[in-house]
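Below, in structure tokens: the form predicted alone, a single chain.
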């Protein structure tokens, strides 16, 4: 058995926080470039050009991609035979605090959410998610998700007979209702199945999957493609200016569920899909 010390992950978490804050992943910029070619609106193409220009400038200057530097989630996935020792939540919090200071990231986290809402001053605490995996190697991931994207995310407990058609109607309807408020073009993470408490985790974790990585299950892959197509029929377009590219990627994660329910969760990301996963 390999024991991974939480303290040994702290520096990696700190660097990942800084990297995702300042560098848009290559799979995201590549997808934006591909979908730019499909955008029929001149103003829509200009918006995508500005997004890509902003990404280049942020990387070159080492500054945040967006003024909303987001809420950090740390994902630790353990392969068989690996174990974690130590205070992972404490180490992750320290790493986020240091990254916030080094990167001059805007403090966006408040405590006492329905009371005084006092800013913690350093984006702590982050959310720490740990799971066991059958994969051959353990991984460490970080996501920074802005408030606008989180405000756009939704959960529905559908009747089992709703099926994919009902889930698709719910998701597309939510995107239509949001309009420009989530800063399109969007990437959509979808969770289906599980339970009330787990389906939202499925949806958010789905956003960690690279856009240039083909979904293994042909049926799920077809649903992802249909979802992108149907959302793009809405005509909201880049920046809400109208156009043919409202969504440039979708990832669906499914899990078994009780036969009497169909949980569906939508985790929305704006074009600044800030996340990275590395092996450990």
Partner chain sequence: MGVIPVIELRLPAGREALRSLKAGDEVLLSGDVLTMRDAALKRLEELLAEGGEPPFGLEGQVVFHAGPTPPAAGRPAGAIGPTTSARMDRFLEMLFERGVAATLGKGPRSAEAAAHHRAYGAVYLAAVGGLSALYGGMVDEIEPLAWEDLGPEGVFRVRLNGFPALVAVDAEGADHLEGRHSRYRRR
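Treat the numbers as computed from the prediction; the structure is a model and nothing was measured. Numbering follows the first chain given and starts at 1.
There is another form of the same protein, the form predicted together with the partner chain; it is not shown, and what comes next is about it.
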Next item on the list: State yes or no: in the model of the complex, is some non-hydrogen atom of residue 41 no more than 4.5 angstroms from a non-hydrogen atom of the partner chain?
Entry: yes
Notebook entry, point to check: Within a 4.5 Å heavy atom cut-off, is residue 107 in contact with the partner chain in the model of the complex?
Noted result: yes
Margin query: Taking the partner chain as it sits in the model of the complex, is residue 119 in contact with it (heavy atom to heavy atom, 4.5 Å or less)?
Written below: yes
Next item on the list: Find out whether any non-hydrogen atom of residue 176 is located within 4.5 angstroms of the partner chain in the model of the complex, and reply yes or no.
Entry: yes
Note to self: Between 216, 61, 37, 222, only one gets a heavy atom within 4.5 angstroms of the partner chain in the model of the complex; which residue is that?
What the structure shows: 61
Checklist line | Contact residue in the model of the complex, chosen from 132, 83, 159, 151 - any heavy atom within 4.5 Å of the partner chain | finding: 151
Next item on the list: Specify the contacting stretch among 137 to 145, 159 to 167, 177 to 185, 88 to 96, defined as having any heavy atom within 4.5 Å of the partner chain in the model of the complex.
Entry: 177 to 185
Next item on the list: Pull the contact list for 204 to 240: residues with a heavy atom within 4.5 Å of the partner chain in the model of the complex, in sequence order.
Entry: 230, 233, 234, 235, 236, 239, 240
